[in-house]
Every structure is written in C-alpha cells, then in structure tokens.
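We begin with a single chain expressed as structure tokens, specifically the form predicted on its own.
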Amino acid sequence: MLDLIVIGGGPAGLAAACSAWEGGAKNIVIVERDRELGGILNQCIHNGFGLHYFQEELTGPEYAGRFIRMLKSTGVEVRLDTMVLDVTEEKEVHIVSAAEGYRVLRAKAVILAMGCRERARGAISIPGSRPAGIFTAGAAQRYVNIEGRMVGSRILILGSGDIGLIMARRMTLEGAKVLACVELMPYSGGLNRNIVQCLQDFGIPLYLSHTIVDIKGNARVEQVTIARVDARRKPIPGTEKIFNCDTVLLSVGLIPENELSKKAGIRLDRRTNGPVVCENMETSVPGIFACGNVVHVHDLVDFVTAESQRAGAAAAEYIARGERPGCDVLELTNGDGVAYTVPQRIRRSGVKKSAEVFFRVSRVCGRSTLCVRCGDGDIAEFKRDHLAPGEMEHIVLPKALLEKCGSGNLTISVKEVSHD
C-alpha cells in the first residue's frame, strides 16, 4: 500500500507532494493525465508568477520548473499520461494508461489536485448560429503558446476573467485586432493589474454590463452583436452594437473539476463547487485532502502553492498519526457581501498558532471593514481600502481568538464605510 496518491501534477499537486515528502511521507505517487508536469502553467508564458512565494517575477513555465526540480530531489514517483477513473472512500484510486492498462492503487491518504475547467458556450446559452471560430480563452492560449497556431485575426472577448484579459494582450502582440472585451457584470472578474496591463495599455475597450445577443456566420464567425443589460442581466433593446469579427473568445468562469470528488462521496460546497474542507484542507472523508483550484478558483498561483503545502503537510501527519478527532468544530458562514469562505470548517484542536481564511466578496466595495462575528458579537475586524470579486481576500485568525469564541458559527461579512 502507498502512503499517498496525489491526483494532478499541476502547481497544486507539485507543491502538495513536495510538502508531504518533507513531512515524512515517503511512498508517494503523482498521477497526471497530461504528458508532462506543470498543468496550466505550461501555457502561461506571461510573467507575474512567483512574486509572493519566490519574491521575483517568473513566467508560468519557470514557476512550474522550479517545483519540478524540487520534486526531482525527492523520491516521489510520477505517472504521466495516466487517467484517474475513480476514487473511493476507502482511498482506492482506479487509473488507466496506454503503458500499464487498468490498475487500482491503494493508499493511506489521497490529495485531490485536479484543478478546474473553463465554462464553455453551451453552459451560458449564447444565442445565434454555431459557426467555427468560438474558443474558450484557455483553449486559444494553448493553441497560440504551445501549438504555435493563430486562432483568428479580428477578435471579440466575452467575459473579463484573468485568462481572457491576458489573451487580449497576447492576441494583440501576435498581430490580431482585439475589438473589445465584453462583461455581463457591472465590474470586471479579473485582477485590476490585468485590466490595466492587458486592456488599457493597448487601448482595448471594456464594455461592462454588456453581453452577446447574436452571433452570425456560416462556416466561421462573421459578425457579433452585443447589448447592454439591465439590473436583472436582461438585454436592453436599442442598445445593440455590431462587430465584424472572425473569432470569439470566452472567458466566462472556471468550474472546479470535482467529478472524482463526487465519486468519493465527498461533500461539496454549492457556492464554490469544490469540496468542503477543514483548516488543514481535509475533506469530509477522513484521509482525503483537496487543494488548489479544485477547491475554489484562485487568482494567484502563489496562493495555490501555500494552500497545497498545507494540504501536503496535513496528509503526512494523517499518515503518521491517523484520523484527527472531529469535535469542537466552528462552522464558517458567509455574511453580507461575502460569496464564500475556505475553509468552511475549523477544528480548534487542529489549529497550532492561527487559521487562515480565504474568501471572495460578492460586490465591489470602497473603504470597508471585514467583520468576523461569533454568536452575537464581533470578535475581529480587518480594514480594507478596496474590495472586488475578482481579487481573493485573506485574513488570519489567531488560535487565542478562536479559543474565546463559543460554540456558535463564525460569520464573515463586509461593512462598507459611508461616504457621507
């Protein structure tokens, strides 16, 4: 029997495996469906990675390369070009590959690090004909950066997620004309630095509170019509704008890859679409941990790394000491202005010095106070000058503070400072 199986060889899986090895787990296997390690980082050739973790600016492949080199200094086994078909509550992992066929691996612990996938056209019901020339932003990124193939010359981007914003710049640098970036919400879904560096620096307009209402084309996209939407996100007649283009890129959200989590009987959070996890990233099934974008969609890979290292260390501790008692649990809930929290549960007995909580807000706010409430009273406040859904927030709750809290739930909410 193995000590640990890590499913996914992207940034989350790499960091988790290295951390588990350092924590004392030695019989570790990473299972990766692609032909090489690194995951999505391999196609992210722009810089901006590693500012938090390495204190320097790296490209995606450079960031992945550093962790791959760390992994090579361990005894972790890597199985590439191998698909995981099933994970059970008993920590059996069913895999298949061309080299070895169908096999069942068994381990004392499992870490889920499958990442996320893009939401495609069928999930958002864009009206119009269905010609060629419609890509997810990530697919276009792979075509251009890895396959060396140009996807179009006159491009409209729907959605302002970070991948879409980055591809607006990338396509412009490759010689294409990016006509506009169109966003359904009244705010961008990406980091502010990407709005500035990828749109504003290249004069690409951003249409907030707009969406595509028609696509025309026979063999390929020929024309796209957009329109402003109202407060209910319904198109407003008479506000249409027409763009003659040959390509549409979709950057309309990411979905954690949790089909395997469901098979393992793991409880999922409907807000994140990822597993419900405790302070050490353990799921509702003892001995199965989750980290990275399979839990919730991150904005920075540095945060993925830190979270995954916590999961790896916790898995190593589980392998050495067994299941941790589940009593004395604080449930985290989202109050006004907060979309979700991770972790969703904090076991006070498992907190050494402090517990980290990550979350996203549900609206753009100016100067605000993040309030942490337990029972009938606030137990902590954190000041922020600006909050936006596209940027993940992070607070640290000391163990002493958690010990003072009663048996009630912890609620995190946003209180915006009045401008009067």
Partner chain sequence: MYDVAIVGCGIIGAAAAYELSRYRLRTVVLEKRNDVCDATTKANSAIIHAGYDPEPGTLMAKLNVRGAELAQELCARLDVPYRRVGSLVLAFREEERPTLEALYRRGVRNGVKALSLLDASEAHAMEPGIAPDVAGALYAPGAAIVNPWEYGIALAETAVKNGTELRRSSEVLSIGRIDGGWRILTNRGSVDAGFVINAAGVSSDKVHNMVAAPDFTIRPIRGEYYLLDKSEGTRVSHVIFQCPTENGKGVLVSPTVHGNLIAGPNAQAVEDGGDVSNTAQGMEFVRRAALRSVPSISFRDNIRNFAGLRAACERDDFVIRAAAPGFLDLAGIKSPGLTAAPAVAEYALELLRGEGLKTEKKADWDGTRKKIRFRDLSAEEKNRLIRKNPAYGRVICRCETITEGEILDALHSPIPPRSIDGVKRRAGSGMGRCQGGFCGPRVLAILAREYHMAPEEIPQDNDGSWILSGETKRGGSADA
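Worth saying up front: this structure is predicted, and the values here are computed from it rather than measured. Positions refer to the first chain, counted from 1.
One more form of this protein should be noted, the form predicted together with the partner chain, which is absent from this view; the next part is about it.
Contact with the partner chain in the predicted bound form, defined as a heavy atom within 4.5 Å, is made by all three of 102, 135 and 147. Within 4.5 Å of some heavy atom of the partner chain in the predicted bound form lies at least one heavy atom of residue 97.
Heavy atoms of residue 73 never reach within 4.5 Å of the partner chain in the predicted bound form, leaving it off the interface. Using a 4.5 angstroms threshold between heavy atoms, residue 129 counts as touching the partner chain in the predicted bound form. Proximity of residue 352 to the partner chain in the predicted bound form: non-hydrogen atoms within 4.5 Å are absent; the residue sits far from the partner.
Contact with the partner chain in the predicted bound form, judged as any non-hydrogen atom within 4.5 angstroms, is confined among 79-87, 156-164, 179-187, 292-300 to 79-87. Proximity to the partner chain in the predicted bound form, defined as a heavy atom within 4.5 Å, holds among 174, 201, 331, 328 only for 174. Interface residue among 228, 108, 347, 142 relative to the partner chain in the predicted bound form, by the heavy atom within 4.5 Å criterion: 142.
Although the partner chain is not shown here, in the predicted bound form the stretch 249-267 places heavy atoms of 257, 259, 262 within 4.5 Å of it, in sequence order.
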